[in-house]
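So this first bit is one chain, no partners, the form predicted on its own, shown in C-alpha cells.
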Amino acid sequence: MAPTQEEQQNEAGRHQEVGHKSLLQSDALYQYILETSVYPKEPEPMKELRELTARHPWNIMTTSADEGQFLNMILKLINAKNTMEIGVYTGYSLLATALALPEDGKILAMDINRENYELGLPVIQKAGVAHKIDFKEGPALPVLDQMIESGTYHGTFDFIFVDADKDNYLNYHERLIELVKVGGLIGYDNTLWNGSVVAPPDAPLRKYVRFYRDYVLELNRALASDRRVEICQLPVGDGITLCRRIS
C-alpha cells in the first residue's frame, strides 16, 4: 500500500533532524536504528547535548547520534587513553569520546571557534569529564607541526578523529600518521560526503557539497593507496574512514 501524504511529510521531516546525515535510502530504516539501537541506551549528557545542538543554526555540522555511539564503542574496544580531535563544534563527538575514556584519559581538542565549544561545555562539565579535555582554539596544522618538531609526541596517540576543513584532510593525514601509534586509529569523517562521491559531474549539488567534493575524492584515493595504513570505510553518518597505522 502506498504511503499517505501525511506519512510522506513525516518521512521528509525526519530528514531534517539534527545530525541526519544517513546514507540509507529509507528514512524509516534510519529512524528504526536510532530508536532501537541508539536512543534507548544513549547517556543522558549525550541526549542533552544533541538536543541543545539541534537548536543551533549550524546544526548540520554535528556528528550524528549513530556515529557518536559508534565512536564511543570503538574507543572502548581499543582501550584508548590518549586521543585527539580536530574539529569540535559543540562537542558532541568530543563528549562521546570523553565518556568512553578511563578517568585518566586525555583528549587534545582543536577548533577555530571556542564559542561553539562553550555552548556544549556546561553539559560536558556536568557529565564530569571536562578534566579529560585540553581545548586549543585556532588552526590545528601549526599545533601539529610544533608537536612533530618537538619529537616527544611521535606514536603517542591511540585514536584521532578528524571532522574539520575537508580541504586540509590530506595535510592533516601527513602529520597525524606520525603522531598516532602503530596499531592506533585515525578516523576521518564525511568521507562519503552526502553521497556526492558517486554523483555525476552535472548533478545538482549544494554549493558547499560541490566545493569540497573533490577534496574528499582526493583523500579517499590517497588513503586507499597509502601503505602505512589499512582502512575500512563505513556508511555510518556521512561516511567515516578508519585508518589503522601498520608502519
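Residue indices: 1-based, along the sequence shown. Treat the numbers as computed from the prediction; the structure is a model and nothing was measured.
What follows is about the form predicted in complex with a small molecule, which we do not show.
Between the options G128, G138, P122, P102, the residue in contact with the small molecule in the predicted bound form by a heavy atom within 4.5 angstroms is G138. Residue contact with the small molecule in the predicted bound form: D165 places a heavy atom within 4.5 Å of it. Among residues of the shown chain, L108 is not one whose heavy atoms approach the small molecule to within 4.5 Å in the predicted bound form. In the predicted bound form, the small molecule sits within 4.5 Å of a heavy atom of Y172. For the chain shown alone, F159 is not a contact residue for the small molecule in the predicted bound form, no non-hydrogen atom being within 4.5 angstroms. In summary, the region of this chain contacting the small molecule in the predicted bound form, judged by heavy atoms within 4.5 Å and restricted to 177 to 185, 61 to 69, 201 to 209, 27 to 35, corresponds to 61 to 69.
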